[in-house]
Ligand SMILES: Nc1ncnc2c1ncn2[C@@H]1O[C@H](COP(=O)(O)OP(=O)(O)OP(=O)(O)O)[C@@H](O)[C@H]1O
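First, one chain by itself in structure tokens, the form predicted alone.
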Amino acid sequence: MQASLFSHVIDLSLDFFSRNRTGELISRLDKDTDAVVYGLEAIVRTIVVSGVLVLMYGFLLLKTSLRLSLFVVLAALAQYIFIQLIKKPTQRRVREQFGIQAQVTSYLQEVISNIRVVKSFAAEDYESSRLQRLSKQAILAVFRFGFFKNVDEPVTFIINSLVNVMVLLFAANEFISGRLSTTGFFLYLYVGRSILDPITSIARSFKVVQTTVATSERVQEFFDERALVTSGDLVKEHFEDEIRFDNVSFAYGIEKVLRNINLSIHKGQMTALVGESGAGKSTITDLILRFYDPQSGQITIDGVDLRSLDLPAYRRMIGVVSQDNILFNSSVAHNIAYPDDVPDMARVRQAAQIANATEFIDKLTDRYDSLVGDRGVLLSGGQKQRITIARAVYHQPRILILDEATSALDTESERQVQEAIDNIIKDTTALVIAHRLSTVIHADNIVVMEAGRVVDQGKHTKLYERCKEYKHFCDLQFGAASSFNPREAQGAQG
């Protein structure tokens, strides 16, 4: 069940992961699926064993005395009515308990993942107090569920005790009146008492059923999720001409991010997106990768709508290097070759060389077999970035997307990473997002964006002369317009 849910969830669109916290996903994949399977195991075991006993004892009772068998039926009916009364409250309490447990899991995952921030702001006591508040909520939820979970035992005991007394009295009356033999009297007393145990077990299994139903509903909620972005049937593995945006608009919910974008990214050229934060630059790369589909307009590659393409084959044409240089807790070689199970070491070394990474990799204890730690914690920011560049190079992408690839680096690391970027964009089509204009002034086409719109596009020199928004960016970064010579800056960059 866990494997099936994981396979389903990981195939969902990126919007699903934006809507759900990581800890919540982990909780449902781990605790909820475990609870469902445990519940199913207990239910099947109880119903099979107790069901056989009830049938056997019931047959003996009916053969002994039909009238007295009605008391056992009444006992079973009373227990069934009671279970129905507490069914809905029990389900609510189970969902409440698992919901707060998921919140605790999310909280712990979030704090541990951001432990550097917690310690930097001396927030240990603050976070501990937050966990205590969550723990109090969890304890109350457990107590509320515990009441409904355990209230059946005293109620069932009372019902069974009353039935035992009634069976004894009426059996004695039947015996005294001669309608029940001595053998039948003792047989009925024994069987009548014995059948109550499996009936009680079946009744109590309904309590487990309610728990299982509540947790399975939480699991089913994720199984019912459907991907907004689905794969087409057309397999395309080569990029021949251009990626084109025709009047593309996009919004996250009600927030409009892109408005009537018209843009062409030509093969073999470097296209740069510049603009203030929130202008929509990263959203354009998300649409190219088909993490989302536009609400209106069309995106095509070589004249073919992206929505008609086989998604895995299409994405394999694209290499991505972002500012979030996430690595897996594995070896350098496996991180570069991801997701290949067996890295092609010749390609790994070649990719590392192009990415300017061989110098520091050769100094690691186990070189390409060295572990990088959780999220690459054993490497510096520049080293992690060069590994992610090598990962993109390893798969020989037709299109390369660089999203703020040097924004979080120091000067020396930026220089090394920029050299690596320059190495790989020579022979490929590159889409580059950068706040530092010095890295993109030599681009074949610079696209200036503002508030989700394309303001202007062209080469650096022409844009500086005619586009006030771009001129403003340049003046902010390179100094006043009177002291800035775009041709000199372009030449220095070259």
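Bear in mind the structure is a predicted one, so any value in this text is a computation, not a measurement. Start at 1 and count along the sequence shown; that's the residue number.
If you look for the form predicted in complex with this ligand, you will not find it shown, but the lines that follow are about it.
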{"item": "Residue among Phe145, Tyr292, Phe239, Phe98 with a heavy atom within 4.5 Å of this ligand in the model of the complex", "value": "Tyr292"}
{"item": "Single option in Thr212, Thr283, Thr200, Thr271 placed near this ligand in the model of the complex, where near means a heavy atom within 4.5 Å", "value": "Thr283"}
{"item": "Contact stretch among 350-358, 298-306, 274-282, 177-185 - heavy atom within 4.5 Å of this ligand in the model of the complex", "value": "274-282"}
{"item": "4.5 Å heavy atom contact, Phe157 and this ligand in the model of the complex", "value": "no"}
{"item": "4.5 angstroms heavy atom contact with this ligand in the model of the complex for Arg436", "value": "no"}
{"item": "Tyr252, heavy atom within 4.5 angstroms of this ligand in the model of the complex", "value": "yes"}
{"item": "Non-hydrogen atom contact Ala337 with this ligand in the model of the complex at 4.5 angstroms", "value": "no"}
{"item": "Heavy atom within 4.5 Å of this ligand in the model of the complex - qualifying residues of 309-331", "value": "Gln323"}
